[in-house]
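Next up is one chain by itself, shown in structure tokens, the form predicted alone.
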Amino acid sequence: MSSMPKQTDVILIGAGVMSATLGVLLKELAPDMKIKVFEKLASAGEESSNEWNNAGTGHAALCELNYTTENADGTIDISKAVKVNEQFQLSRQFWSHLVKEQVLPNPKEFIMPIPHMSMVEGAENVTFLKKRLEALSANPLFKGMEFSEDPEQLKQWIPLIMEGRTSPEPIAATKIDSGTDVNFGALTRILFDHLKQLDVEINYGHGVEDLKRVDGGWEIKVKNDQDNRIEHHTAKFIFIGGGGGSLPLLQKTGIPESKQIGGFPVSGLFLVCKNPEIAERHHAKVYGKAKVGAPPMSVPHLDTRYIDGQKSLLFGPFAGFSPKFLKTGSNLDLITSVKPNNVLTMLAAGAKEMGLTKYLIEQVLLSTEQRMNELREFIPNAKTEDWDVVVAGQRVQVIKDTPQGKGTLQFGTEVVSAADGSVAALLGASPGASTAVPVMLEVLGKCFPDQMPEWEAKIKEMIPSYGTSLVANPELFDQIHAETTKTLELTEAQPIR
């Protein structure tokens, strides 16, 4: 049975952190705008945004070595690190605004201060880390970063990692105390609770099956799982924020911008420490270097996390392969995403990424003890009985044709939108949730260009550095960083036991 189409201004597909952020931004800028949300699962933040499916690193490029690459001449390119950090500062400012507005009354529910560290072994890597520190230290966004290769100092910073370490290889680390751990699942749920109070219609158990152009916008076909009924809804603007499920829906729009784009799913596992005494002995997010052939999102890291109010310790991720685009997806997702317009793009990527394919197969075949041995590269004394395996979220890396060649695997987060701005989709993976605010501002710029001039003053009130480079204005950065640190209650440094 089909219902007559129901009209609204905006439809958000997927109840993750991206839709939550866009919904809140729109209601701040245009309170009378009518918004509907459709989510196929039973509640908000259950897929990519969920705290168990997401590393929770407030990605500010403070510790992620893959954001700083070494050029052929030995210099370090920090441009991506600077861009990611600038983006995260926008997210911090918007969250800080929402704390002041009592939308996020208790910041500790979703964000906690935690040192961010990079750790390397081997003389060549130690040299790289020193050069990286020098390059970053000249930039105001990375002020306060320390370096040490002194084992005694490292024992103070990372006692669990240094204990029992017998390798003769030199070891070094950088540390910066302004890092954060973000519970994006909790943040998403709080934002959707707020949207509900603003009369946003949120429909859980509603899976979007199709999209088509109609006069004045788009019509979506939705399956209501509660009573197995098909519904139709129309809107002037549609945002597709369904995590890995965004690509198939983008393809259904048929817009030219959706052509020659494919997706490569990567699954993951984490080891989680079930011994609270061990978890208490580590207080940092420590990122290492990715193995040769590994995707950047598979950089090994040992993370202090705050989940359900408890301090936890996670290690990973171990990459894997599943043809599903979502944890709750179908084994046919990858096959059905191959279309006549992207088949050559996908084949070109397959030919180029044999190293990645080999790496993923090796990761899938790892035994528990082999995973523990990888953990022991971080924690030499780790005992198997202290750790459990948790299945992490599914990510879909974008594949598209670029100046670098046909079928290039993209590592990052990107927006694909129609030329007329009537539909936009978010694709990709890390830094993802951390950059939700700048990415959704990009969506507003592309899809609401006529309204942006009148919205600009309100945006700057919420996000003071909007449209301004913080790198070029170090005094403004210092001021904003101090204010957001205070508002988000990020000043409590916890001693390492």
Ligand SMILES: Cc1cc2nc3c(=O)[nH]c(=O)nc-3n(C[C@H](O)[C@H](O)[C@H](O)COP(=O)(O)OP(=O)(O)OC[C@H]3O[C@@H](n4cnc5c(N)ncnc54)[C@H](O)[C@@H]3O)c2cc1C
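When you see a residue number, it is the position in the sequence shown, counting from 1. Treat the numbers as computed from the prediction; the structure is a model and nothing was measured.
Although not depicted, the form predicted together with this ligand is the subject of the following passage.
Among 468 to 476, 455 to 463, 31 to 39, 442 to 450, the region lying within 4.5 Å of this ligand in the predicted bound form by heavy atom distance: Result of the contact check: 31 to 39.
Interface membership of residue 323, this ligand in the predicted bound form, 4.5 Å heavy atom rule: Residue-level check for residue 323: no, no contact with this ligand.
Any non-hydrogen atom of residue 245 within 4.5 angstroms of this ligand in the predicted bound form: Contact check for residue 245: yes, within 4.5 Å of this ligand in the predicted bound form.
Residue contact check: residue 112 to this ligand in the predicted bound form, 4.5 Å heavy atom: Output for residue 112 is no: heavy atoms all beyond 4.5 Å of this ligand.
Contact label in the predicted bound form: residue 233 to this ligand, heavy atom within 4.5 Å: Judged by the heavy-atom cut-off of 4.5 Å, residue 233 is well away from this ligand in the predicted bound form.
This ligand in the predicted bound form reached by all of 15, 249 and 433, non-hydrogen atom within 4.5 Å: Answer is yes for this spot.
Heavy atom within 4.5 Å of this ligand in the predicted bound form - residue from 217, 300, 179, 393: By the 4.5 Å criterion, the partner-contacting residue is 393.
Listed residue that, although this ligand is not shown, lies within 4.5 Å of it in the predicted bound form (heavy atoms), from 119, 271, 426, 284: That would be 426.
Interface residues of 35 to 74 toward this ligand, as seen in the predicted bound form [heavy atoms, 4.5 Å]: Sequence-ordered list: 38, 39, 40, 41, 47, 48, 49, 53, 54, 55, 56, 57, 59.
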